[in-house]
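Below, in structure tokens: the form predicted on its own, a single chain.
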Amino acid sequence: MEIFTPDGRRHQREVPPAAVRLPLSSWLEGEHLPLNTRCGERGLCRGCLVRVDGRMLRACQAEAGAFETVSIPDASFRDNRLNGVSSFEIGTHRYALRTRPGIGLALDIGTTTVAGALWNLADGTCLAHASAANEQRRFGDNVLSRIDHAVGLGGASPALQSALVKDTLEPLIHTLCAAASIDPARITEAVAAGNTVMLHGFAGARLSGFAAYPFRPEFLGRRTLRSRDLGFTPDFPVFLGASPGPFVGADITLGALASGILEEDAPALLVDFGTNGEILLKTGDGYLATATAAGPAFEGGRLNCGAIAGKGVISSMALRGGEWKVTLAGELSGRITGISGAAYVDFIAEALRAGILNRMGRFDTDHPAVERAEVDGEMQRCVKVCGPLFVSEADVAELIQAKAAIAAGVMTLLELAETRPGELRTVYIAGGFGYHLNCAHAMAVGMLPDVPAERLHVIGNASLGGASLVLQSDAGSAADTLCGNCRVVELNQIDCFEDHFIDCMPLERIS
């Protein structure tokens, strides 16, 4: 079989007789040419579309032995070099450092990306930090797909755990240790943060309790595991952070500790943007928290030219004199390969301002920047941005759904707390998407509450910052206290959420 990848390379592969009936996507995975099987190869999405004989088809629904030539478009190729954000700010000084001999490992286990930091526990020095793609993506690009995969196997999936431990975290640890010039055997302990589903997958626990309401996770409180039992080669204790609820995890809890929101005057808001967007509202009486299924659009997923910010990826853009001026997240590595989620928000805000786009997300067909082009075998309205990269009306619709989910989650918590958006004293923006986000643009399109710029604080990977804080201080008990004072809101059980979701669909400010 001849296989053409987005970088222009031609790969010659022989499909053995034993593999001819395999799904084409599964066979390509084994040949180290992975596709975006974001629905877990169930044929429910368009993530693994490939071009065969001039037509597009889902590779998970086709047999590997049926074709002689296959072309993989950019949007379908799963780039294993994707990186997230491992930079963070710790905005609190209330916790006493616990200095002691040893090397500590802090981990943020995200749905799309993972990040880690190595610390010298004797003096509180960060030795290295890095991030990598979560290889569980081959089982789906969201937690629900991975839950379905595990439930289909009786509740737990050794393959899901192995994809995280062996294929993702162990290589990340070796990368960190190489950067710090230390042997992985010198690691003495670790703290892991992540949403509750990710921590269950990490621990090898059953995911059946997340499949239907009322949700019954195997655990929520702090846990101590042994790395050896998880599948790591070096052996050290691994402490899992406490989670307030089934879909509101230790990532938001530990992120709250690091942000400093616990010391802020109420009302204050923390939004951790990600595939599983999590929101924490500090009120006069305690905390409200929720999770909203924003999907992978903020990470560039499901978008025609979408990519996680990295080398060759557009991190921001602006419309100047009718031309798009772009900034890259990293140095140019041969070609501009994609558009980050944050840059898509820039596009929407700028296109809205210029009249290319209306408040409902529709392109003005009379505008000279709008053209019709074939995308995945369908004619769509598009706007060219840079080289072969473009934004389609379908991309805008995907982003509007994601931004409305986050905004409606925020508005629901504010209504429950009887608080108006303008009353928020502080708004913290966390996550890889948030790290590159132009907050003025986010407010202009109705993604964030419209508050003065001085109240907004972008803090990077707060989850990793929180895990680092707990690793080095006595902050762990504060996370338990936060969980005890936090009411978890299941949005599908709150009547006003649907109304807020509809109200937040138009591209307009929230005030």
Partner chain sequence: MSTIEDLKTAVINGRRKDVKTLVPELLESGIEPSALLSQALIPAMGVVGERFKNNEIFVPEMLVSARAMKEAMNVLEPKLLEAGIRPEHTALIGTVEGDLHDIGKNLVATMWKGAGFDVIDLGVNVPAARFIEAIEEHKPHIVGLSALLTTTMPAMRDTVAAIREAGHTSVKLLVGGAPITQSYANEIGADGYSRDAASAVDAAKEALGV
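Bear in mind that the values here come from a model prediction, so they are computed numbers and not experimental data. Residue numbers count along the first chain shown, from 1. For clarity, a rigid core is taken as the largest C-alpha set superposing within 1.5 Å between two forms.
The form predicted in complex with the partner chain is left out here; the points below concern that form.
Although the partner is absent from the chain shown here, R42, R381 and I400 each have a heavy atom within 4.5 Å of the partner chain in the predicted bound form. In the predicted bound form, the partner chain sits beyond 4.5 Å of every heavy atom of R420.
Interface membership of V410, defined by any non-hydrogen atom within 4.5 Å of the partner chain in the predicted bound form, is ruled out. When the partner chain is considered in the predicted bound form, E350 lies well away from it, no heavy atom lying within 4.5 Å. In the predicted bound form, at least one heavy atom of N492 sits within 4.5 Å of the partner chain.
For the options V238, I147, L414, I429, the residue carrying a heavy atom within 4.5 angstroms of the partner chain in the predicted bound form is I147.
Residue E393 is the only one of D167, E218, E393, D74 with a heavy atom lying within 4.5 Å of the partner chain in the predicted bound form.
Only one listed stretch (421-429, 147-155, 130-138, 112-120) carries heavy atoms within 4.5 Å of the partner chain in the predicted bound form, and that stretch is 147-155. Contacts with the partner chain in the predicted bound form, taken as any heavy atom within 4.5 Å, map within 480-511 to E490, N492, Q493, F497, E498, D499, F501, I502, D503, M505. If you fit the rigid core between the shown form and the other one, you'll see the Cα of G295 move by 2 angstroms or more. Superposition on the rigid core between the shown form and the other one places the CA atom of F363 2 Å or more away from its counterpart. Once both forms are fitted on their rigid core, the CA atom of E374 lies 2 Å or more apart between the shown form and the other one.
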